[in-house]
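Just the one chain here, the form predicted on its own, laid out as structure tokens.
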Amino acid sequence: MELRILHLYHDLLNLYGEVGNVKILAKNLMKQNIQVTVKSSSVGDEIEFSDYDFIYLGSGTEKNQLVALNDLSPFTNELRDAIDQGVVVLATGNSFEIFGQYIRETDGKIYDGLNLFNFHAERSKVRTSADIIYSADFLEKNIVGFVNKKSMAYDIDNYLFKVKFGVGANENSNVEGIRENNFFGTYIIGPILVRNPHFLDYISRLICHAKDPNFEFKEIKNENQVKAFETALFELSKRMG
């Protein structure tokens, strides 16, 4: 099997070492004896989104987020088609906000989003930073991570996670992120696939089975990664009490 990964705006949206999500995913897939090609793309590049099996966007400054949004806007229909066709997409940090209806600044100025999903983001005057523990109905284990954001998301229909500890999509929310088809969006940074090996395996399986439903995914356990996850979960769980 051959799989193609697109790291979109690798130079603009790469705060907090988010490139680690792409590196560990490629490594995890190659352990399955899969040939993996990683393409890094940025502003001005022509892209055929349907040519890729996985698309990733990381977190960036508010300024770079808007640069990426402006560059991506002409490709809205192509991106929508790729998501409808089941291409797996992961957007972490504030990058997932660009897929919503709009982003509103604190002064009221509105930037139109790609409008692929029915939610919107509101900039905050203060930054929210917190360790988190989330749960997901498609995962047996919890998710650990970190959130550092200067905006809140509202009116999310299909949330990704439930909050067990930490902060949600906004100040009054007990859910976080969005999932539509094979699109995953979350404020979690850190990077999420490195810190959560079970979520890494879930995404890996999803990509493989979207390509070939009969693909036999081998169980390969990264003991160091699992131990790091279990330690983080244990320490954060003590703070829940």
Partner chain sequence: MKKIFVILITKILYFVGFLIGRGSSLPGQIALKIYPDILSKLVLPENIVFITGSNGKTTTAGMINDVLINNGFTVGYNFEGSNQIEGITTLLLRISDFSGRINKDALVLEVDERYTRHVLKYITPKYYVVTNLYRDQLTRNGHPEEVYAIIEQGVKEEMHLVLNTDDPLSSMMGIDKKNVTYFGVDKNSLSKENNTSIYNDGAYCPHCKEKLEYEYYHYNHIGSYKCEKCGHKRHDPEFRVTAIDFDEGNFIINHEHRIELNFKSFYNIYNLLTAFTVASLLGVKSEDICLSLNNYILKKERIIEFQVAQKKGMMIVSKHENSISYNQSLMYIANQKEECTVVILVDSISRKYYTNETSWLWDIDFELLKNDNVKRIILAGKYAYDLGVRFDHTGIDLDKITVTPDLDKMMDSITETAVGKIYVLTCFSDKQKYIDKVKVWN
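Residue numbers count along the first chain shown, from 1. All figures in this text were calculated on a predicted structure; none of them were measured in a lab.
Separately, the form predicted together with the partner chain exists; it is not shown, and the next lines address it.
Shown alone here, F146 lies within 4.5 Å of the partner chain in the model of the complex, counting heavy atoms only. Under a 4.5 angstroms non-hydrogen atom cutoff, the partner chain in the model of the complex lacks G185 among its neighbouring residues. The closest heavy atom approach of K39 to the partner chain in the model of the complex falls outside 4.5 Å. When contacts are judged by a 4.5 Å heavy atom cut-off, I189 counts as touching the partner chain in the model of the complex. The candidate spot formed by Q32, T76 and R205 is out of contact with the partner chain in the model of the complex: none of the three has a heavy atom within 4.5 Å. Comparing 210-218, 172-180, 46-54, 59-67 against the partner chain in the model of the complex, the single stretch with non-hydrogen atoms within 4.5 angstroms of it is 59-67. Using a 4.5 Å cut-off on any heavy atom, the residues of 187-224 that reach the partner chain in the model of the complex are, in sequence order, I189, G190, P191, V194, R195, N222, N224.
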